[in-house]
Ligand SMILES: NC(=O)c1ccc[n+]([C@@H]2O[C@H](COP(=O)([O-])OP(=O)(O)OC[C@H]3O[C@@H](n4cnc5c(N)ncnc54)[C@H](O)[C@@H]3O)[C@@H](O)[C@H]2O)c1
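Read the single chain below, which is given as structure tokens and is the form predicted alone.
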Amino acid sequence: MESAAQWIDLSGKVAHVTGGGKGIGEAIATALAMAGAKVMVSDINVASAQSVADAIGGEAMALDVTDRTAVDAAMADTVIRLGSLDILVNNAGVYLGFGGPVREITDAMWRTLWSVNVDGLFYCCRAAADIMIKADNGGRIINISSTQARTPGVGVTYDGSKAAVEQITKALALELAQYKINVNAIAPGPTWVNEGPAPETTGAPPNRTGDPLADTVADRIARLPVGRWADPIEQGKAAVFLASELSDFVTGCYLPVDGGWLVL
């Protein structure tokens, strides 16, 4: 009789986690390794990637996801070094703080953020899909979006890019289902990735700054139903779910891991 433990076992699977050198990416790489996967950790900071890889028994490489040639080579190298590519987690991303007001957003700010959060994600999806289709063994693509895809607050640059990730995920899920490749997105809510303990959240109204972007986010954090920030490993657990047999019939999903952020 099959056990539930088998459904979550990623032994024999190879995962590539972009932006895996710190924060949510590090937690996702760790969680996938804990579930048995062999993990390639890539990051623009190769020292950070190597540190994570050493800790989880994985492999590491430098990768700038905005370089399409480098992305193609990185995905191919994952197969060469680890034997296959079964799971891609597109975690690499940039956040430039509150991005408004719109009149102060420069072309350089816009392109920097979109080139990583959208272009880079697309390059990785394209390269991984090609490998997975040719291998004819199915696969999983997990994109990291954000609750800001649906609740504006950080600014048009970031919020818009994460909304694009959600729609890219749905379109790819429809296209790649015929190849048994499931494509889903995780939408993290407030997740504490800095040093030290997360600050307390309270039910008290935040002090107003007059900035509608900052005030919207502060208000939601203060009213967060679970009353705390997420630990990055909780995003990792969601990635394990979407990478494992537990989610065989799940594709095109935008999965909020947000402590109730989107029900406010």
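For every residue, the number given is its place in the sequence shown, counted from 1. Everything quoted here is computed from the prediction, not taken from an experiment.
Keep in mind the form predicted together with the ligand is missing from the figure; the text below concerns it.
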Worksheet item: How about Ala15: is it within 4.5 Å of the ligand in the model of the complex, going by heavy atoms?
Response: no
- Query: Is Pro190 one of the residues lying within 4.5 Å of the ligand in the model of the complex, judged by heavy atom distances?
  - Reply: yes
Is Tyr95 part of the interface with the ligand in the model of the complex - any heavy atom within 4.5 Å?
yes
- Item | Residue contact check: Gly252 to the ligand in the model of the complex, 4.5 Å heavy atom | no
Which of 101-109, 127-135, 166-174, 87-95 lies within 4.5 Å of the ligand in the model of the complex, heavy atoms considered? The stretch 87-95
In the model of the complex, the residue from Thr202, Asn45, Thr69, Thr209 with a non-hydrogen atom within 4.5 Å of the ligand is Asn45
Those residues of 126-152 with a non-hydrogen atom no more than 4.5 Å from the ligand in the model of the complex are Ile144, Ser145, Ser146
